[in-house]
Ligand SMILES: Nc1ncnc2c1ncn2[C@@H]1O[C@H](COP(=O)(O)OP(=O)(O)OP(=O)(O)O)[C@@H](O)[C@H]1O
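Just one chain is shown here, as structure tokens, and it is the form predicted alone.
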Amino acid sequence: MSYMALYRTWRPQRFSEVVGQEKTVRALQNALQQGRISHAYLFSGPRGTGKTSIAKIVARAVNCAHPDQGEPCNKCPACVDILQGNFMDVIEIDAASNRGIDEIRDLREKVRMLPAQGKKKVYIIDEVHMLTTEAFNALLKTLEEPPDSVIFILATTELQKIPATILSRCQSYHFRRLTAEEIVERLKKVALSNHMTVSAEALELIARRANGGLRDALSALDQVYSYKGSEIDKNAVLDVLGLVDDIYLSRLMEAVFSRNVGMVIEMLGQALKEGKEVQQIAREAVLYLRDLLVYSLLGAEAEFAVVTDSARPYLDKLRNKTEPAQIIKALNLLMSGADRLRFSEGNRFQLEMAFLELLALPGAKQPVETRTTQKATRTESPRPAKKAPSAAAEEKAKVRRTAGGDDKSVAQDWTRLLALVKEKKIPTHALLAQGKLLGYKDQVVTIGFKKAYKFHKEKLEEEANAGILEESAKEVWGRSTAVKLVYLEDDAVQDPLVKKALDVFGEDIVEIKE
């Protein structure tokens, strides 16, 4: 016998097996027991919460030869045929594929026929919100005055798209998301039945990421089981599902709120090298910020989406360093960035820019840290004020800069330019840091980029960033200065000044080290 997915194997066959949805189950079971079945039901709610499963239980119960307190026996010929999908009077329709008026007209014609096998003919229409306006209008009259032998069960994940005229003709039941505890309990039973050893952290992680959908949780467990075997821990779940560890998220957000540019870029690169998707990193970071916000407001009463007990110390530390208003701004920025990533084909630079925008938020309690500033903090000591340079010394410096300068003077100018840009806008500084200062001549500063950093060069050429760059260059060289951005591999570097700099110093003129 072929393998059956866990979510199909563990689909509830009786009302007593349904997880959650107690109010809906009680109402339907009482109606079946008392013979007060409506002609039309509308089941709405998130995916994987039991809408179709309960619809099929109702279909068996109304056709069962030996129902017991509203429950189907699942043993009589009608129940067995429905379970096997061979019962002619239970018709499942996918409205996403059969959404036109012609399909509904055909349905209206067949509704008039009496049941061929059972007591009732049951139509289960899934994703009913996908029907066209004309199809809804065609269905309307049938719902209003259906034959006594017909029951309609409509299911949808988007209740707001159902016309009011349809809603008023159905008994409506809303299916809630399951709690993490309810999902964990069912996963424990599934694991025990399939001889799996699953750690508590792994179960909790799967349950939280299922977002209230038991089917999603069972599918995730099935996926990890297929890859890792019967021994499943938290790392196995993170690896197979491509999720980001909450400890990693804690360290990343600590770097963000400490405004540590170097650490943020390094950690994003590390996650991408491990095969994590940019969209997933952004989504997980959004959930972490949500947990931080809720914890900042509610304290111990907060319910977390991604944070586990092992990451709680980090959360306490961040809670003391941030304000709720600051977290809300960060959430809005990161959610916008995550939305942009959906259409950027996994662009790493878009991910970096999304996080660098967070570093530019006002209200951070610590100064910006980079590898360069960290080095300066460790090594700098008070120095006596320098004497004003003589006219001869100033002239020598001018000649040196015009000719391309030595590596020390170029490095000093580059470091100062980076620092000034960073003070004005951190994302612009992050873009500029990937370039190389080639030299200064005729009031033009030339900065080179390898073609691998095309994105950085093009972003710097945008009006806002170019303005910041020219303003900072003016402060470094003390006069009206233009900035020229070139590719190191292009013919543009054949400019005599640039060529000389490359010949003397090579492409790696400036290298900022720890």
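Sequential numbering from 1, following the sequence displayed. None of these values were measured; they are calculated from a predicted model.
The same protein also has a form predicted in complex with the ligand, omitted here; what follows describes it.
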Whether H39, Y123 and K141 all lie within 4.5 angstroms of the ligand in the predicted complex by heavy atom: no
Residue contact check: S53 to the ligand in the predicted complex, 4.5 Å heavy atom: yes
Non-hydrogen atom contact T24 with the ligand in the predicted complex at 4.5 angstroms: no
T49 within 4.5 Å of the ligand in the predicted complex, heavy atoms: yes
In the predicted complex, R186 touching the ligand (heavy atom, 4.5 Å): yes
One stretch from 163-171, 208-216, 228-236, 257-265 that, in the predicted complex, holds residues within 4.5 Å of the ligand by heavy atom: 208-216
Answer option from D413, E92, E103, E127, heavy atom within 4.5 Å of the ligand in the predicted complex: E127
Heavy atom within 4.5 Å of the ligand in the predicted complex - residue from Q326, Q280, T157, T308: T157
In the predicted complex, residues of 14-41 near the ligand [heavy atom within 4.5 Å]: E17, V18, V19, Q21
